[in-house]
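Let's start with one chain on its own, the form predicted alone, as structure tokens.
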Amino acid sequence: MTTLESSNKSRPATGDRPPFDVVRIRADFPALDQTVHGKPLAYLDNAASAQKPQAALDAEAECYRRFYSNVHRGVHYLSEKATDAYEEARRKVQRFVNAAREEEMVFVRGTTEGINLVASTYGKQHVGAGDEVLITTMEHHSNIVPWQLLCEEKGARLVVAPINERGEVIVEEYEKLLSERTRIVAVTHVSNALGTINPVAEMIGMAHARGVPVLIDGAQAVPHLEVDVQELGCDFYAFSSHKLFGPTGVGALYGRLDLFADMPPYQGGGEMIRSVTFEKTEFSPPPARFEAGTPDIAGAIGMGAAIDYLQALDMNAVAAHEHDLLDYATRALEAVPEVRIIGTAANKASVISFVIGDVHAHDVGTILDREGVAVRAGHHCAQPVMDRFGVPATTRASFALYNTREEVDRLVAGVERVKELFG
């Protein structure tokens, strides 16, 4: 996997980090130490959701055990302590993606809500009848449906940039589709279904040359790549905690402060207001404006702990390890007759999707599960991708920092078992 260079000086220098040791890493993840159907668990479903290190589990539990209270509104000790921890988690997220200011980071339920927030606020402000929203063929449903809803409401048009047979955006066609009617571009950083790493910096530059803002779906990128939103130059960047080895139900949306400041609220309620009368409400500045109600306090703290865990590692070593697993698995599966890999981009993350002859992906996934190998089977919330490649579904193995070559061997042995059973 290719790692983006980052100018985030707050991260520990590589020399301050211990060398990458997958055995030691695995010991930090308690869920990996179990058997499934009498076989050791090989968890290869990380693109759907990753397992959690003990440090993140402990941080969330400690919040509930020792200092849980609502944030921002109390003057007592527990509320002040919870508020400090919650806002420190925001600063960790800010440093993680190198946002210029902590006010540019909004806590959301995940990538999906982050995209919906932008579509429902910035989108409704700036997209009108006859305007266009530009996405790509490889988008997750979460980066398709919100824009479809917006276009239907506003009488706008959803424009889709094509991908080639390798699963790469055809950048020349993308550039041609940027028009005087394009009001926003929304594109994934890393495809969940194909593993393709998009040239997002180049795509952002093309859009900005025409005055078009860009939202990046970073759900699949942040667990694997060092992301620097200032270096990328994106206007919005959304990602989830649960793919980042943190809790479910929480994530973050980066937005340029000048854009956030001009956007209306996403939801109304407590915390996001300065004052309320029956005649008029004055709203808080970002990020509070977009965080109505009681947030997932412990979840945000757990997300911050997961970020701490990752930042204590050498991400270049992690990337090299994951890339080795991807190459090893690709070579092994390509050697199996009737296996077809879907997504062969030159620049890929540690995701490998495949089909086995005419065997349905659900049957493949079920047989692999009996072998203790957990993979994803289906359309991966990316049905247009399946349509593009003429398949109803794929089996997807996705690797993380704690996976091993031995687990890849078990995956391949399971695929051979599928072939035996289906003749």
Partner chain sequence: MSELMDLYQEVILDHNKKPRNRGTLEDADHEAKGDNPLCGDQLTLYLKMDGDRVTEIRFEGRGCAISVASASLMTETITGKSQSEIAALYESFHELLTGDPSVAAEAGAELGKLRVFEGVREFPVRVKCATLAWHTLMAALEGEDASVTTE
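Positions refer to the first chain, counted from 1. Just so we're clear, the structure is a prediction, and the values are computed from it rather than from any experiment.
Not pictured, yet referred to below: the form predicted together with its partner chain.
- Taking the partner from elsewhere, residue 40 is found to have every heavy atom lying beyond 4.5 Å of its partner chain in the predicted bound form.
- Although the partner is absent here, residue 367 sits close enough that one of its heavy atoms falls within 4.5 Å of its partner chain in the predicted bound form.
- A residue is said to contact a partner when one of its heavy atoms sits within 4.5 Å of a partner heavy atom; residue 28 fails this definition for its partner chain in the predicted bound form, lying far away.
- Using a 4.5 Å cutoff between non-hydrogen atoms, residue 384 does not count as a contact of its partner chain in the predicted bound form.
- Across the options 63 to 71, 28 to 36, 389 to 397, 46 to 54, residues that bring heavy atoms within 4.5 Å of its partner chain in the predicted bound form belong to 389 to 397.
- Although its partner chain is omitted here, in the predicted bound form none of 131, 140 and 177 has a heavy atom within 4.5 Å of it.
- For the partner-free chain shown, 417, 421, 422, 423 of 401 to 423 come within 4.5 angstroms of its partner chain in the predicted bound form, judged by any non-hydrogen atom.
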